[in-house]
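So this first bit is one chain, no partners, the form predicted alone, shown in structure tokens.
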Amino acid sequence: MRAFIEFKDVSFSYDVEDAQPVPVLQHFDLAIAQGDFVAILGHNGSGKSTVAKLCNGIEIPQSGDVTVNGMNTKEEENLLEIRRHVGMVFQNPDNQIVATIVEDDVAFGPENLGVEPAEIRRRVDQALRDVGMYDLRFSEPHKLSGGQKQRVAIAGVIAMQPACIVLDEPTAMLDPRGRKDVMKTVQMLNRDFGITVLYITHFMEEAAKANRVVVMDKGRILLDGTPREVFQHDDALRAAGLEVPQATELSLLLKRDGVPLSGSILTIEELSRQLEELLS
């Protein structure tokens, strides 16, 4: 089956004034299937945000190719259609809010795509219902919480009906409640609507909810697999400046001390259940 988003031997560098270009990606390969939920992890400078920008043509590779549904981002005539397919949600929701009323902000994207007014109305209402913000459709965005603003930003993207959403650290500026709300929304969009999700984060517990985890280091892929597979490589993750989910870390410590826990553990609930069984 053809990948929906594919990186083939991609290299990318950022220009620095009066200095040599800074390489970020080096001969990078990645294939993402339609309907997948992929979390990308990596320390600052690992290249993960560059991957996000390459997915819909914000950046163009210097060598190699990025294709979206078979369309190459290097071909300028493809960029509008690629951006219809791939929506972007960034770290700071304030940078994506352009209107003074929530429903007007969500309508902004479809309006720019030339969607008919009646269809815009339908999409806006549905998108706000999908993210749980319909009751606040007449609110002023600046009065919302960080988590609510980010859900409005996500609604603005899904109102354009993309096949894929790329989220670049969307919960980095949110409190724990806001992070939980946004994560639940993203999981619902993937599970119920089949939207492909590329989710860049530095929160291990968020990455554990994906179907697949890709760990980047120095512009290359260090680990790639299911969350249970990837988070068992705690030594490799620490060497790359990353951690594992707290429940995984505790379970690995207990196993090393002889506690007979079985399998790989990702969540507090899984760990609690096994410990209760052992104690009983």
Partner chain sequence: MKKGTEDVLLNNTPILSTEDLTYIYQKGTNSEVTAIQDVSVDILQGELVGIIGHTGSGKSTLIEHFNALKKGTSGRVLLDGSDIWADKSKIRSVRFRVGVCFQYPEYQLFEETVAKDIAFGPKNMGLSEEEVNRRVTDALTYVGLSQSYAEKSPFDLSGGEKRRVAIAGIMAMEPQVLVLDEPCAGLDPKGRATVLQMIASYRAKTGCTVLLVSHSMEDVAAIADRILVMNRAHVAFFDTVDAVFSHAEELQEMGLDIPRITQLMLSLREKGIDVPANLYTVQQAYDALRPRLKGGSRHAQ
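Residue numbers count along the first chain shown, from 1. Just so it is clear, the model here is predicted, and its values are computed rather than measured.
There is another form of this protein, the form predicted together with its partner chain, and it is not shown here; the text below is about that form.
Student: Does its partner chain, in the predicted bound form, lie within 4.5 angstroms of each residue among R2, V22 and I40, using heavy atoms as the measure?
Tutor: Looking in the predicted bound form, the three residues R2, V22 and I40 all stay beyond 4.5 Å of its partner chain (heavy atoms).
Student: Can you work out whether D257 and its partner chain are in contact in the predicted bound form, taking contact to mean some heavy atom pair no more than 4.5 Å apart?
Tutor: Contact check for D257: yes, within 4.5 Å of its partner chain in the predicted bound form.
Student: Is K74 one of the residues lying within 4.5 Å of its partner chain in the predicted bound form, judged by heavy atom distances?
Tutor: Taking the distances in the predicted bound form, the answer for K74 is no, it never comes within 4.5 Å of its partner chain.
Student: If you check in the predicted bound form, is V10 within 4.5 Å of its partner chain, heavy atoms only?
Tutor: Answer no; every heavy atom of V10 is more than 4.5 Å from its partner chain in the predicted bound form.
Student: Can you tell me whether R191 touches its partner chain? I mean in the predicted bound form, with a 4.5 angstroms heavy atom cut-off.
Tutor: R191: no, not in contact with its partner chain in the predicted bound form.
Student: Quick one: from L222, L242, V213, L30, grab the residue that has a heavy atom within 4.5 Å of its partner chain in the predicted bound form.
Tutor: Contact with its partner chain in the predicted bound form is made by L242 alone.
Student: Hey, of 64 to 72, 246 to 254, 226 to 234, 32 to 40, which bit sits against its partner chain in the predicted bound form at 4.5 Å between non-hydrogen atoms?
Tutor: Within 4.5 Å of the partner lies stretch 246 to 254.
Student: So which bits of 183 to 206 sit within 4.5 Å of its partner chain in the predicted bound form, heavy atoms only?
Tutor: Heavy-atom contacts to its partner chain in the predicted bound form: H202, F203, M204, E205.
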